[in-house]
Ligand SMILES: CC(C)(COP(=O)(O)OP(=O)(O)OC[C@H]1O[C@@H](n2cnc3c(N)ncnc32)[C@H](O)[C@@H]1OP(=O)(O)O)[C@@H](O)C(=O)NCCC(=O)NCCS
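A single chain comes next, written as structure tokens; it is the form predicted on its own.
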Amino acid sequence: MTEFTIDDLHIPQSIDAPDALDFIEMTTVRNDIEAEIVGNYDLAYSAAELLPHWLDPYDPKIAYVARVDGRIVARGILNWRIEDDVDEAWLEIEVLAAFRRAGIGAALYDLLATRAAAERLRPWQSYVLHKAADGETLPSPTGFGAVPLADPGTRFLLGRGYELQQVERFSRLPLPLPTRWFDELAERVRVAADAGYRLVRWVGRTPEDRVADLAVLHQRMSTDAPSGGLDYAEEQWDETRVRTLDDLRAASPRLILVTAVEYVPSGTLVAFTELEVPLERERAVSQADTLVLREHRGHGLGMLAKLANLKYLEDTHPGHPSVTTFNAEENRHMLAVNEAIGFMPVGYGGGWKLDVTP
């Protein structure tokens, strides 16, 4: 039987601090686990890139790490929301493949569940990357997508009473884009202008005159994006929260490229999309948020913004091999946009929920 220990994971304030070594090792383990599931390191973060996410005061986290012979082999994370009257908990368990079926995941889960219960958090939810496999699948109750029944994550959560609520598609776009898309972009810019819309772009920190609009767009991401049967209450965004996000992102080596769409008659932003760009050209770029406000849909603004931001990437930071993104399988409109551009499915994630009795 494998002997292991479990400790609290200390979150350092700086990746250069002497107390950052465990966080750095945890990041390596995270990357190795997820690469084994999806087949490559497209989802990998450096410790310096990951740390700002862990320092976000609006998304508090606690974590444990499991060790075998002094080496970190697994991690368990609990995070929750700061909004009033929002009690849902998110639990995440990841174990290196060579150390599964040794009770490590179960021990980590029990610690997280005990903490979530003590904090009176409910329901308990989990987002899991699922390894593609042949055989029987469990369909999403949304009617779109499925996860393999034989997958370790599926078995682990079903065994604890969780129910699948949503499936997300993990997609990859090879770069560079075919030049025909740049001609398409020019035409879409013209059509949008005729309808009263124009593009706005920036890198990194949100321009002062756009902070209030970004607060609205981020808040609407929490209500307008499909969430299946998961509990996801409306987030509260204001200008202070936007600036906090800007500061956290500025602490990361990744650059943020933003393309937004302004509705000229009102002067307000009604759509935006973000790309997270690693400094190393050989690494994949991550698609972050994309949203078109409901009241401005039907004008092709999602495709316009995405194409414009991809062109922005090609113009300013060429040479990256690909862009990766996640989309809810029931979000057929955005998937159609991505498929048209050239994104191909390469994996899936499942959103799971356990209703906990008070």
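Counting begins at 1, following the sequence as shown. None of these values were measured; they are calculated from a predicted model.
Keep in mind that the form predicted in complex with the ligand is not shown, yet the notes after this line are about it.
A single residue from the set L279, A106, A186, V216 has any heavy atom within 4.5 angstroms of the ligand in the predicted bound form; that residue is A106.
This chain is displayed alone, yet in the predicted bound form one of V200, A102, L230, L255 has a heavy atom within 4.5 Å of the ligand; that residue is A102.
Though the partner is left out of this view, R160 does reach within 4.5 Å of the ligand in the predicted bound form, counting heavy atoms only.
The ligand is not shown here, and in the predicted bound form it never comes within 4.5 Å of any heavy atom of R71. Y263 falls outside the set of residues with a heavy atom inside 4.5 Å of the ligand in the predicted bound form. At least one heavy atom of S126 is located within 4.5 Å of the ligand in the predicted bound form. In plain terms, the part of the chain that comes close to the ligand in the predicted bound form, with a heavy atom within 4.5 Å, is 90 to 98 out of 264 to 272, 90 to 98, 192 to 200, 171 to 179. Of all the residues from 229 to 248, none has a non-hydrogen atom no more than 4.5 Å from the ligand in the predicted bound form.
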